[in-house]
Each structure stands twice: as C-alpha cells, then as structure tokens.
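We begin with a single chain expressed as structure tokens, specifically the form predicted on its own.
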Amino acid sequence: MFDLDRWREIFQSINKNKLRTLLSGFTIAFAILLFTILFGIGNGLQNTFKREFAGDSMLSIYIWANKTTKPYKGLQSGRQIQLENSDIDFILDKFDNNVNTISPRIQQQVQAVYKGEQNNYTLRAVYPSYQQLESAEVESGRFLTMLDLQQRKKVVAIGRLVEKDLFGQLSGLGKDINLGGISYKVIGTFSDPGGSNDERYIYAPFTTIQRLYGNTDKIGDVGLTYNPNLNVDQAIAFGNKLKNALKDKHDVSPRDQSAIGLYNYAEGNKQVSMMMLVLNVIILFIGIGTLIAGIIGISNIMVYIVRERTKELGIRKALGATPGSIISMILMESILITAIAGYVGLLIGTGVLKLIGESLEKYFITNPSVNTGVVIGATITLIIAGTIAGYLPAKRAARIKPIDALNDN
C-alpha cells in the first residue's frame, strides 16, 4: 500500500543530500543519454540504407546490354549486343518458376508541354508490371494496363511533381499533354518512395512507344522481380544463371563481364545486411559498455550512500524501525532517483537527436531516432542494478546493532 510517511522520509532524505542525489542522478542520466544517442545514430544509418533502396522493389533484377570485350565463336570484340522483345519470351520460357513480374523498358528525354507550361522529363515505355519494380503508388486515376499495351493507346501516367510543374494546383487527370510533338492523355498520377527524382518520370505503354519511335522490336533494358520465396543466396544464384543464359543466347563469351550487364538487388541486400549486422554489434557493444559503466557508477554511489547513513540507520533502529523497513526505504529511494534520472537522460538524448538530426545527413545519417522501448529497457536494467547495488549494503546496515551504528566513525 501507499505509505505517505515513507515517501515523506524519502523526499526529506533527498532534500538533505542534494549533492549526493545530484551525483547519483547524473551518473544514470549520462549513461542513458549516451545510450540513446548511440542507438539513435545507428538507426539513422539504417534509415539511410533503407532510403537508398526505397525507390525500387527489393526483389528486383535489372538487365542491359553493352559492347562485347572478347572475341567469341569467330565474332570480333566490340560488337554491340541489342536486347529485343524475344529476350522477354526467352527469360519467361527458361526461368518461368523464378520470375514473378517482368517488364522491358525504353527511356528517352522528351519535352512536355501543356498550354503555356513546358519542361523536360524522362519518358519511360514499360509494361504495367513496372509499377511493382518502382514501388510507385497511384494517387489519382490509374497506372498502365495490358489493354493499353494491346491497343497501343497514347496514354501516360505522370509523377506527382510532373503534375505540379505542368498543372499547378489543378489535377492533370484526363487532360492532354504534348510529348515530343505527340499528344497523350493523362490517365493517372503517382508518388514514389524513392523521392523527388522518381516523381518526375512519365510512363507510357511500351508497345505504343515502340511503334511511334522506329516501329522495331528493340528494347533498352529489362527489369524483373524474382520469386519472393527465394532466399538471398538462391536469388544471387538465379541472377548468375540468368546472365549466363543471355550470354549464350547472344553468343557472348562466358568470360566477358561487360556485354551483358545485370544488377541484382539481392547482392546489395546481402552487403547491406552484413554491414548493418556489424554496425549493430558495434553499437550494442558500446551501448552495453555504457550501461556497465552506469551500473558500476550507481553501485559505488549506493555503497557510499549506505555507508554514509550508518548512524542515521542506527537511530532509526533504536526508535523501532524494522530491518525490512530500512531496506525498503533505501531501495525505494534508489529506484526513484534511477527512474527520474533515466527519464531525464532519455528526454535529453532524444532532444539532442532531434536538434542535430538534419545536420547529420551529410554524414549519411538520416532521421536519427531511437526506439523508446529499448531505452526504457536500458533504464529498467539500471534500476535493477541500482536496486541490487543498494540491497546488499542496505541489508548489512539493517543488521548492525544500534549501538554499533551510533559509535561508527
């Protein structure tokens, strides 16, 4: 039950020993402060890595073609490899079980004009499935559909910032814009977690652009997402098999590393995961070291506090205080100081992170923050340590006879 007299005694003790209380609280607050900042910076680095990959699906593979660097099967080096529509069918036929979605892509710069507004943007000719590759989110209207491809419609989905540039505060949905001298109807707008650059793209049906610009079956590059059931190592192996198969199809030497280019996000994910594991181990090691320093500090202070109050405890025993009441009083005081100081350290730590957060972006630390549960757990650890540290000397002090305590120097 709540004992008002007990708490009055605790606050009187704290008030009489301001310096002792301040030193105890400072030790705890400083440990939690360092702990909070360290973990906040660690989370900021993780946020940076996540942001770099935010614009694309984490299950993506991109394929493109270059010139050969080695002769092969009687063919000279320096030969330009060209991806075509048949490569899409080849990939689907050979790797159907591991391919989730696939889209060819053609990119070109175009001037977009709407009434008096104009600007230059990147036009991307793609399949509807490309929306998954870019993680684009439709804000109004719709994205491209297979019907758009089949009928070779002159329609486009535009990024949020393209709409803002050309239409201002008005909606671009349903309006016609001129792209490189050809009129297209806006069927939708989208946002992209990759940021402003990814929101300045314009997407058109792949078949439409192929017909309007050259009427060929040539493609620029290919993007695909692989089976999400593949683990990282299996995804990397799949990417290697895919690259080797395309080399064989286009008569490229197996030793030629440039003719067929391939970027597999699984490789990047693996590298990032290893870096984050090392980073988390380092931060955890430093954080634990900080907590241990705080535990040692609060333990030493508690031993000193109990030793300093030996005479006071003797008087309390002489006046009828039980050993249990003495122990509980010391422990409650220890817990109170630790909890308040820990909370203060948490507030200061989060405040510092918020204050310096933007300035840390140039050091690749984005939005440094800390999980409150982690810091509360660290504070509870210090409270437990302070309780244990206070219990042992308090128990010894409670056993001292009043006469011995009063004669203690």
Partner chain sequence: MIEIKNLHKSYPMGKESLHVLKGLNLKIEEGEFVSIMGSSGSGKSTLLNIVGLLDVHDEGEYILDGELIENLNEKKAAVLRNKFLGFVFQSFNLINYKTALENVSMPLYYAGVGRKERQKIAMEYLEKVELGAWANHLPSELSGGQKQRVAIARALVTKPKVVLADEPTGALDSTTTDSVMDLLKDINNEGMTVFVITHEEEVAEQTKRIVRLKDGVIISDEKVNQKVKA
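The term rigid core refers to the most C-alpha atoms you can superpose between the two forms while keeping them within 1.5 Å. Residue numbers count along the first chain shown, from 1. The shown structure was predicted, so the numbers you read here are calculated from the model rather than taken from an experiment.
Although not depicted, the form predicted together with the partner chain is the subject of the following passage.
At the 4.5 Å threshold, heavy atoms of residue 398 reach the partner chain in the predicted bound form.
The partner chain in the predicted bound form is not approached by residue 200, whose heavy atoms all lie more than 4.5 angstroms from it. Under a 4.5 angstroms non-hydrogen atom cutoff, the partner chain in the predicted bound form has residue 16 among its neighbouring residues. Residue contact check for residue 180: none of its heavy atoms lie within 4.5 Å of the partner chain in the predicted bound form.
Annotated contact segment (heavy atom within 4.5 Å of the partner chain in the predicted bound form): 320-328, selected among 275-283, 115-123, 320-328, 247-255. Taking 105, 243, 160, 309 one by one, only a single residue has any non-hydrogen atom within 4.5 Å of the partner chain in the predicted bound form, and it is 309. Residues 5, 6, 8, 9, 12, 13, 16, 17 are the ones in 5-35 with at least one heavy atom within 4.5 Å of the partner chain in the predicted bound form, listed in sequence order. In a rigid-core overlay of the protein, residue 172 has its C-alpha displaced by under 2 Å between this form and the one not shown.
Once the cores line up, the CA of residue 314 ends up 2 angstroms or more apart between this form and the one not shown.
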